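Below, in structure tokens: the form predicted on its own, a single chain.
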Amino acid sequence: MQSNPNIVVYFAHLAIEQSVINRRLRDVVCDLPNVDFRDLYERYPDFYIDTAAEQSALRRADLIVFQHPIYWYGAPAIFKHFQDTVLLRGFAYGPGGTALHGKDFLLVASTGAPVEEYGPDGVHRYAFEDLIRPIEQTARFCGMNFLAPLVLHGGHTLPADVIESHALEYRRRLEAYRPAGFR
């Protein structure tokens, strides 16, 4: 049985020094021995992503995590750029594009609004699950297994103990993770 699955966490936050939630989430998992923690803004402040290096990291991973706050109903811009420059035809999809097939994908996200604001009666009108469909579909299109997201809503008003509990749940999920073939 595989005891230490490879996990790559792709992280992006536009103002990490001002973050409470994502900074804590980052800090609670970045020291795990089987986690390759990759801060996209830190690595690529100029947005010149090293495609070969990132494809290599993805090939090694059993679990791929995208961790970020939700901005304007999606991921930070560098994630879109990452998808455009790394998840290429022949690598992630299309003829010969099977490098990510069978890998697990986990979205770890935070929102500023409470969960009740997502839905027909809320300011955001749609359920949160509907708003992240492009992220889910990207994972599925690349042949990955989209795992149930780990989302913390209401970030602007949460007490420290709720944030800490969520952070510890994130760490627990990564520590307990086993690839599908080994569960």
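Computed from a predicted model, the values in this text were never measured in an experiment. All residue numbers are counted from 1 along the displayed sequence.
Here the subject shifts to the form predicted in complex with a small molecule, a form of this protein not shown in this document.
Asker: Could you tell me if all three of 6, 34 and 178 have a heavy atom no more than 4.5 Å from the small molecule in the predicted bound form?
Answerer: Heavy-atom distance to the small molecule in the predicted bound form: none of the three under 4.5 Å.
Asker: Among 143, 69, 149, 122, which has at least one heavy atom within 4.5 Å of the small molecule in the predicted bound form?
Answerer: The residue in contact is 69.
Asker: Tell me, please, which stretch of 135-143, 35-43, 48-56, 113-121 lies within 4.5 angstroms of the small molecule in the predicted bound form when heavy atoms are compared?
Answerer: Stretch with heavy atoms near the partner: 113-121.
Asker: For residue 60, is any heavy atom within 4.5 Å of the small molecule in the predicted bound form, or not?
Answerer: Contact with the small molecule, no.
Asker: Do residue 160 and the small molecule come within 4.5 Å of each other in the predicted bound form, heavy atoms counted?
Answerer: No, residue 160 sits far enough from the small molecule in the predicted bound form that none of its heavy atoms falls within 4.5 Å.
Asker: Answer yes if any heavy atom of residue 168 is within 4.5 Å of a heavy atom of the small molecule in the predicted bound form; otherwise answer no.
Answerer: Looking in the predicted bound form, residue contacts with the small molecule do not include residue 168, since no heavy atom lies within 4.5 Å.
Asker: Is there a non-hydrogen atom of residue 174 within 4.5 angstroms of a non-hydrogen atom of the small molecule in the predicted bound form?
Answerer: Residue 174: no contact with the small molecule in the predicted bound form.
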